[in-house]
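The chain below stands alone, shown as structure tokens; this is the form predicted alone.
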């Protein structure tokens, strides 16, 4: 590795000390790798000397997964940003981990394809980071998250040994599925150096629908009805009354209502009307007060304006808010929403809910300032109750953000002791000295 790509200065290392979780720990050094050989060479040395290593993309993670809490070396993959191959005949793209999601989508669009994962951070988050936490986004309701849209990987384990898994084919039944095993492992098993992604043809037509409901429970029940019929929307977003109040305060004009569903349907142009009608028929029920259908791109942008205005509004009110991304079975959404409302009153906290309702993935935002000890204490107790509620509804702790530091200590709530033991054993096989992203994902 060229010396100028090994950063040792305090100012240089500071830029790699934090992620979007607002946590920060200084590493001892940062390596700006440009190929898999450099990654392997560094990991071999770090394994020999038991030096902690944290892999990093663009630092958009919200759980602290890319914060180097053990110090040591940060391996930045931001310069490994080649799109190596796009094969439309076989529907795959081969990319390095530093390629931005948005750049890949821009390269695919003229060819009539896309890669389904579309997190909010897509314009500035890397493919490697998306894979590390199994990112999803609104389209996951129909097309799946990262784990559902990958064919093969190349990676380096904790000994510095390079390995590959998967195949270029959509069907592959040879041995253990290490490819999907690494997706979502948050850099604790290996560092991804190349990914072969499954591509999907762009739909020829799509249409957005805005549905307003008098009560949150009515909207949650409508989600369950929509997802119980044959037409799967490509996006089904939920926004609660607190969120709507924030959006209205930012000048977005919305009719009266306590909850909103933003639905997008895609299909062949000849089938689009029937698909939209199927979704609308399923949405009909108690509490539906207003329906608006977008018939062109301008109207679609108007409908999405409420969803896009939400994140800036939340950040302006509580820059360090706590954002959890819990998931429950779609049929249990009404119970989750009602339960979170109870928790807000019990703990005297303002909680804002929105998210990808089509697969039961709700972002529960605790609007607090963590520097306020009273609010921080209330939030800690509220989170404990929230995760207990989610598990009681047969849900899970995270749909797309991952575990990192933020939810590490809650893992025993969701996963039994024997299963956690198996995970620790697997970690030891890939990383015998425990140097890869130590302290993350698995409880201490």
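All of these numbers come straight from a predicted model, not from anything done at the bench. Positions refer to the first chain, counted from 1.
We do not show the form predicted in complex with a small molecule, though everything after this point is about it.
Here the chain stands alone, but in the predicted complex its contact with the small molecule, taken as any heavy atom within 4.5 Å, falls in 62 to 70 among 62 to 70, 408 to 416, 41 to 49, 389 to 397. Of the candidates 192, 259, 222, 357, 192 is the one whose heavy atoms come within 4.5 Å of the small molecule in the predicted complex; the others do not.
Shown without its partner, this chain lists 140, 77, 236, 279 as candidates; in the predicted complex, only 77 has a non-hydrogen atom within 4.5 angstroms of the small molecule. In the predicted complex, the small molecule stays beyond 4.5 Å of every heavy atom belonging to residue 163. Looking at residue 17, you'd find every heavy atom of it more than 4.5 angstroms from the small molecule in the predicted complex. The small molecule is not shown here, and in the predicted complex it never comes within 4.5 Å of any heavy atom of residue 27. In the predicted complex, the small molecule lies within 4.5 Å of some heavy atom of residue 121.
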